[in-house]
Structures are given as structure tokens and as C-alpha cells.
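Single chain ahead, written as C-alpha cells, the form predicted alone.
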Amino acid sequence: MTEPEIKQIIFRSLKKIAPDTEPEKLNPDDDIRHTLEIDSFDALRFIVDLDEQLGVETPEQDYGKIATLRNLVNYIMTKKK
């Protein structure tokens, strides 16, 4: 899976969870939750949705590692190897 493919999945998932946001405008180092003003419940729904779509499991202790778009993409790429 390529980086652009992962980003598209992330953006679609964010739009599903927070339809009034524009995730495609995120910069690589923006904090996703803060920039898109997503609350903790929606953030959890986002992670669960990504896990289901991508067939990965993100343990709670890793949530801090995926705060930015860059970190999330890298995390997923590592998990999908």
C-alpha cells in the first residue's frame, strides 16, 4: 500500500467521522484532532474505522504516536509491511 493510498483512506475516514472538516488540507505535521477540532470520542471512532478498513490493530498505548498525519501514515505503513 502506498502513501497516497493510505492518505486517501485516512481522509475518507475523517470525512465519515467529521463531515464538516477538510482533512485534505492537513499539513503533514498538523495535530489531526486539534486542527480538525475532533473530540476524543470521534478520534476513537476514527481509529477504529481505520483499523477495520486497513486490517490493522492500533493499541491504546500507540494513540500518542499517531497524532499527526505524517506519524499516522508512517505508523500504518509499518503495520502493513
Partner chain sequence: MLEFKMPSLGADMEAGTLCEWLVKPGDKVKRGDIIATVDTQKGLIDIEVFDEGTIGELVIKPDEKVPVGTIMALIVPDKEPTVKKEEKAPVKKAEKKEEEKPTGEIPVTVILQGIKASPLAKRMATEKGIDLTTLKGSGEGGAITKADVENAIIEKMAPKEEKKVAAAESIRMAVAAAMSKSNREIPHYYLETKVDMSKALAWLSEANKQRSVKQRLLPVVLLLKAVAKALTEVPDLNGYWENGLHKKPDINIGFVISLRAGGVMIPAIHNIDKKTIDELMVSLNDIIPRARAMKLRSSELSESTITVTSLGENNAETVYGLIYPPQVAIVGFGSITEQPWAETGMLDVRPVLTATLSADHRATDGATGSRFLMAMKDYLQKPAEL
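Numbering follows the first chain given and starts at 1. Remember, it's a predicted structure, so these values are computed and weren't measured experimentally.
Absent from the display: the form predicted in complex with the partner chain. The rest refers to it.
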If you check in the predicted bound form, is N71 within 4.5 Å of the partner chain, heavy atoms only?
-> no
Is A18 a contact residue for the partner chain in the predicted bound form, using a 4.5 Å heavy atom cut-off?
-> yes
Spell out, yes or no, whether the shortest heavy atom distance between L54 and the partner chain in the predicted bound form is within 4.5 Å.
-> no
With the partner left out of view, is D42 within 4.5 angstroms of the partner chain in the predicted bound form by any non-hydrogen atom?
-> yes
Does the partner chain come within 4.5 Å of a heavy atom in each of F11, L26 and A67 in the predicted bound form?
-> no
So which bits of 21 to 40 sit within 4.5 Å of the partner chain in the predicted bound form, heavy atoms only?
-> T21, R33, L36, E37, I38, D39, S40
